[in-house]
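Below sits a lone chain in structure tokens, taken as the form predicted alone.
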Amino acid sequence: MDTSVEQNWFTERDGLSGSAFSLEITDRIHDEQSSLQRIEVYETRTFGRLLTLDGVIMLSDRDQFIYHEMIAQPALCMHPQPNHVAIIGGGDCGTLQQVALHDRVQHIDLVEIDERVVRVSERFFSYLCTANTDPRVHMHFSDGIAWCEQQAESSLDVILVDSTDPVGPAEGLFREPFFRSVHRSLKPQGLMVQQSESPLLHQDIILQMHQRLRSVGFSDVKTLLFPLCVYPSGWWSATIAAKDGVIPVTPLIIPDFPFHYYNNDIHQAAFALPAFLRRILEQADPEQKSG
């Protein structure tokens, strides 16, 4: 990725896809170099505040709720009893906030490698950090891969991997050794969810995730889709893997929470794949082939 700020416009360029996304900014209100990455916060004219890490957009006020609801709620609503939930990454705390809505959840681990992302979010995106002081929440500022390797076998119900793109430190979160650790640490009926990039630009990443998740023993893997304006192509995905059993896409009993995007119709529609992506994913699971 390549970024620039010129004439009051922030632009993120993706050289691989030959595309770019720009937002008009009115101010840069925070800029720091942590021990791991550059953290910036901008005020934009129409999207509220914008958080970037190493020049890559993480979230905007205007559409963050779509991502955070879709990375967390489908799995939490599907799981029969999500007592213990772990979030790998997610330093902006939006996913944590979504998990904490569920009274059934008794213990939440947030494992974020860079504490400064959490502290900057608490200052500039405080509305996302309302669960940070919840007594069920335990924050670990450490490497998510190493943390997961250290967890006891069959100790977690749901693992949400709210990671950055699969480059640099996050690359290992998309590889078999990490998936194997996740599978081992999940209880029976356990679910893993991971953001899985754009279905239009990153089909190879999604296919590899399906293949690798199945190779380490997950019984069912499905990808769900949702719009996200500030990410490359404006179209994003999350991939869900079940330790055993089948991932249900039929109507659920969804709690009466103040969602802005997620509902029962969205839950079902998100799993409806376009023909091109369905054909690609048949390579990982020929049994899912259908018209």
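Predicted model only: the values in this text are computed from it and were never measured. Counting begins at 1, following the sequence as shown.
What follows is about the form predicted in complex with another copy of the chain, which we do not show.
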Partner-proximal stretch of 239-247, 32-40, 50-58, 260-268 relative to another copy of the chain in the model of the complex, 4.5 angstroms, heavy atom: 260-268
State yes or no: in the model of the complex, is some non-hydrogen atom of residue 280 no more than 4.5 angstroms from a non-hydrogen atom of another copy of the chain? no
Can you work out whether residue 28 and another copy of the chain are in contact in the model of the complex, taking contact to mean some heavy atom pair no more than 4.5 Å apart? no
With the cut-off set at 4.5 Å between non-hydrogen atoms, does residue 205 touch another copy of the chain in the model of the complex? no
Taking 4.5 angstroms as the cut-off for heavy atoms, does residue 229 touch another copy of the chain in the model of the complex? yes
For the heavy atom contacts within 4.5 Å of another copy of the chain in the model of the complex, list the residues of 199-215 involved, in sequence order. 200, 201
